[in-house]
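Here you get one chain, nothing else, as structure tokens; it is the form predicted alone.
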Amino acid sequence: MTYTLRDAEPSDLEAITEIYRESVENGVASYELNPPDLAEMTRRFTALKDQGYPYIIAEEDNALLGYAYAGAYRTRPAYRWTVEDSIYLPEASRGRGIGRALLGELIERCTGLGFRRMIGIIGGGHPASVALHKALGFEHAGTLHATGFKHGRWLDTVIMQLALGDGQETDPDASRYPGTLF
């Protein structure tokens, strides 16, 4: 591995916006149809960081190779111990283990923050994303059929989940919760 992982910074947002733009325009991981601009991506980044969620990048020779973040799975208070992961890589970074490294780091950080479950919502049921999540211990929790329509076709959504830390075996420690939503 010649790349490094680190916390994303505001100076990374132009590259993050470009990676996401390509994914929105050409892929099915996101069900957005129009890519958000830098101002909107900055707003989203700031909201996640201000709430204490991890947002990380992979870089090599000062080039951003991909990014990942966790955010609230749902905003109602009972869901506060569950996070949803998001990972985006440009085409040139795929197949190098970068997604695995990013997701592994995200799992570790979310566990350390006291979260108890991570959910992967996989747009289009993308086989590489399903395989990545499975390789890191996620279990298939269901498939929602024809939930998105993009690029002229109906897309399924695959839901996967992973217990973090003690999972549901013990009560969560309210003093460890990093978010400010609740």
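Owing to the predicted nature of the structure, the values given are computational and were not obtained by experimental measurement. Counting begins at 1, following the sequence as shown.
Beyond what is shown, the protein has a form predicted in complex with a small molecule; the following relates to that form.
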item: Answer range among 143-151, 33-41, 118-126, 48-56 for contact with the small molecule, defined in the model of the complex as heavy atoms within 4.5 Å; value: 118-126
item: Of Ala29, Leu155, Leu64, Leu113, the one that lies within 4.5 Å of the small molecule in the model of the complex (heavy atoms); value: Ala29
item: Arg96: touches the small molecule in the model of the complex, heavy atom cutoff 4.5 angstroms; value: yes
item: Exercise: Ala72 in contact with the small molecule in the model of the complex, heavy atom 4.5 Å; value: no
item: Tyr88: touches the small molecule in the model of the complex, heavy atom cutoff 4.5 angstroms; value: yes
item: 4.5 angstroms heavy atom contact with the small molecule in the model of the complex for Ser23; value: yes
